[in-house]
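Next up: a single chain in structure tokens, the form predicted on its own.
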């Protein structure tokens, strides 16, 4: 049954709140502000509470169930993060306050920069980019400015592997680069022979996601980076899948020049509903002068009796400001809390458990679904959501049917290099019991596909809204399905 709107629940005479009698003389409202009837719904407080509580129960959340969205790292967000960000010294400060009054905030920002540098192996980090996509834009603009500063104007080409994130080519094009795709080899790595063909004087850089969206760590990553460097280009690391590398591999040590961090993924802050995110960027020493500011720094080291004094600086050849004020500070606080809570050993354990969970689930699922790259995965894996002998069942049908089993669908139809792709990422926070239950649901759906494929084509059956026309929904938006005048 579809939940009724507030206006459908309205009953004449009901009141949710009664204002007390005024203790000041009444004054006439200026005519310009008077309105006629605005047809507000008439509801009691209990009506309103029950309505919105029932609506909230229709939402799927990581607090309520498993979120296997590949490449999204939808891990559980510890509630201690929320406690920390609500501390008055963080939640009630304003970016225009004098820095003398927010030294604790600046200390936290500086320490998070140091933590991210240690985790990643990069020389400097800026916290200002608002999300991973903006972090990518920062990286592309730094590549552009680096070559311009060397008067190397022929370098106009960015290479994008076909297993990269979809934002990579868009970012490159927005930054004024020509985009050249790179194919994967039979094992899901960058094809070295194809890479060689692009290593010329026009090469500006390569945007490399590793582990890639197939969930695979590129076995030739050192050689790939060296080839690009030898040709005079830079290598950007898409850090969206950093969760698999924590405490195990530092991208800066591999030779990456630039990388963004998704604080809202790897370091467990909520990122549903469009944000907010946070996409700090780390760079090697030769690129530090191009970072966008402001960056937290120690202005005065202090002494035995005086603590350090913190402030901001902007590098001398910065690409410019990317975000108003200092980035999404609330996300920064949560990420700092998460890293400080786990420590170095805990971060490594996160990486190891994320990889273990993904490989455990992959081994169970591949018994019933085709695995195109059958090798040890990292944090996620990709199977085909169809079978040659059942051509009328597709990845979308499997995902819709999973909703009837109480699970959020995995990522569909991405990466494009896998036919009818289902990209599954369990993260380290899920238990063996949850993984077993998800695998059992996937196996049951595979059995249903063989016995009654038509049933899958019409799923889901138990959700508040049945299957919708998603193409029509995307092209013919209905942002408001009712108006007060409708009732």
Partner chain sequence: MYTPHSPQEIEEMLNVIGIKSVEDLFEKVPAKYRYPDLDLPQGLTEMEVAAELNEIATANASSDEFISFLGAGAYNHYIPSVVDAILSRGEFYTAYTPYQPEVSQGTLQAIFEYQSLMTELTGMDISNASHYDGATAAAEAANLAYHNFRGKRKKVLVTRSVNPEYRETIRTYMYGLGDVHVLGDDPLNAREDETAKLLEMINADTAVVIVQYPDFFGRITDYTKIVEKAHEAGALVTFVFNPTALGILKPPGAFDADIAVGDGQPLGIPLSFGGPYLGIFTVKDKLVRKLAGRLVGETVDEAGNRAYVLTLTAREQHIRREKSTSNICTNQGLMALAAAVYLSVLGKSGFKQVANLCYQKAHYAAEKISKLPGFELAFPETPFFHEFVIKTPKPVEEINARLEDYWILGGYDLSQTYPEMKNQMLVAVTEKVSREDIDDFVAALEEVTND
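So that the term is clear: the rigid core is the largest set of C-alpha atoms that superpose within 1.5 Å between two forms. Keep in mind the model is a prediction, meaning the values are calculated, not measured. Numbering follows the first chain given and starts at 1.
The same protein has a further form, the form predicted in complex with its partner chain, not shown here; the description that follows concerns it.
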* Heavy atom within 4.5 Å of its partner chain in the model of the complex: which of 183, 344, 372, 308? -> 344
* in the model of the complex, segment of 151-159, 232-240, 192-200, 396-404 with a heavy atom within 4.5 Å of its partner chain -> 396-404
* Asked: Would residue 368 count as touching its partner chain in the model of the complex under a 4.5 Å heavy atom rule?
  -> no
* residue 289: touches its partner chain in the model of the complex, heavy atom cutoff 4.5 angstroms -> no
* Would you check, heavy atoms only and a 4.5 Å threshold, whether residue 327 touches its partner chain in the model of the complex? => yes
* Proximity of residue 45 to its partner chain in the model of the complex, heavy atoms at 4.5 Å -> yes
* **Stretch 167-202: residues contacting its partner chain in the model of the complex, 4.5 Å heavy atom cut-off** => 167, 169, 170, 171, 173, 174, 175, 176, 179, 187
* Align on the rigid core first; then say whether the Cα of residue 64 has moved by at least 2 Å between the shown form and the other one. => no
* Align on the rigid core first; then say whether the Cα of residue 418 has moved by at least 2 Å between the shown form and the other one. => no
* Taking the rigid core as the reference frame, is the Cα of residue 471 displaced by 2 Å or more between the shown form and the other one? -> yes
